[in-house]
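Taking the form predicted alone, here's one chain by itself in structure tokens.
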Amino acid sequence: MIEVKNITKDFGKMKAVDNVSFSVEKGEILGFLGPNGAGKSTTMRMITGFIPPTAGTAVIGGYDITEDSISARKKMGYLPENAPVYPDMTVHGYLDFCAQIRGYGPADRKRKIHETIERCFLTRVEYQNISTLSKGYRQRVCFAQSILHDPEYLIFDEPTDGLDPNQKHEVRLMIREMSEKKAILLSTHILDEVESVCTRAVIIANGCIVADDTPDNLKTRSSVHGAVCIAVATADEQALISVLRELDCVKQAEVLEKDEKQIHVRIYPKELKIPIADRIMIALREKDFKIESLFVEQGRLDEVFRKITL
């Protein structure tokens, strides 16, 4: 596993990361979230041995990053923030250089480079200078070097930064596929990426962990979790709200918007554990209101994120 133990980083009098601890098991994708300046990238850099911690440590596959940094780094693949690459190299030349550093001989290098270029959809630009590539392609080149040696542990800092929607989808699919046999730590500020990719999320603010849970469990902290949203064909607004508020399972009902065709209403339950959608539908149909759509809010991660990081 990746195990972070009470890791701390001081820059002079400023404590950028304060006693942070968490672990990532194989088969798990941990999303590492936080507002700008929260300490995400600093934490990632300490975990990978890029900068030394002031206190604490990280253990990668049994190797302590402060005591046996080389052994720990051999087991990991790291995609740093802003995809640093050598602009005067070609894509093939850069990956060949990375493979040599990893200790591969000529035959293995050729095979590894070919497999990685195919996997990361870089064939079209294989012999192009990196300086001429778009930001999205440079990001993919850096992603390629991080998985070139098929590491057991992957640490990605903003892996889809600069990618277009199709490229993001491809990278997310690769990350999910790789997670079956690897432990993956993924820093991101894209909340829908956390929901679609991550099995767990750690949220950091002001250098400290403020939440550690699954995305689904975090969404239950949202104020709209469990609320029922309906669209009703244009009707008497006051009568509609009155019917809803008379139900003993309803805590509150509010009109979100209305136009000439529909009224959109959100209804909050008194008890989250008791489903209220069926009772709402029955009550409104008895009063001849025409329900055109209905869904139950699962909660909103962006709202929870703001609530616990501000």
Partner chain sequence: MRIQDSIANIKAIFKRELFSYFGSPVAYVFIIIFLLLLGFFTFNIGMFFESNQADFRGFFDWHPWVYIFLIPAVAMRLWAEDRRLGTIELLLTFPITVADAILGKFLAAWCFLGICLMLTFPLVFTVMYLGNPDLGVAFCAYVGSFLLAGAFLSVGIMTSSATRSQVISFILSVVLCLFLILSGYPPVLDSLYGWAPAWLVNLVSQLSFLTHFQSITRGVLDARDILYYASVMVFFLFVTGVIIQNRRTS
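In this text the structure is predicted, and so the values were computed from the model without any measurement. Numbering follows the first chain given and starts at 1.
Separately, the form predicted together with its partner chain exists; it is not shown, and the next lines address it.
Q: Is P84 close to its partner chain in the predicted bound form, meaning a heavy atom pair under 4.5 Å apart or at it?
A: Because a heavy atom of P84 falls inside 4.5 Å of its partner chain in the predicted bound form, the answer is yes.
Q: Might I70 be said to contact its partner chain in the predicted bound form, defining contact as any heavy atom within 4.5 Å?
A: Flag for I70 set to yes.
Q: Decide whether I51 counts as a contact residue for its partner chain in the predicted bound form under a heavy atom distance cut-off of 4.5 Å.
A: So I51 counts as contacting its partner chain.
Q: Is there any non-hydrogen atom of R45 lying within 4.5 Å of its partner chain in the predicted bound form?
A: Contact check for R45: yes, within 4.5 Å of its partner chain in the predicted bound form.
Q: Tell me which stretch of 229-237, 199-207, 174-182, 88-96 has a heavy atom within 4.5 angstroms of its partner chain in the predicted bound form.
A: Comparing against its partner chain in the predicted bound form, the contact stretch is 88-96.
Q: Please pick, from K74, R119, H189, H225, the one residue with any non-hydrogen atom lying within 4.5 angstroms of its partner chain in the predicted bound form.
A: So the residue touching its partner chain in the predicted bound form, by this definition, is K74.
Q: Give me the residue from Q100, S131, T123, N217 that has a heavy atom within 4.5 Å of its partner chain in the predicted bound form.
A: So the residue touching its partner chain in the predicted bound form, by this definition, is Q100.
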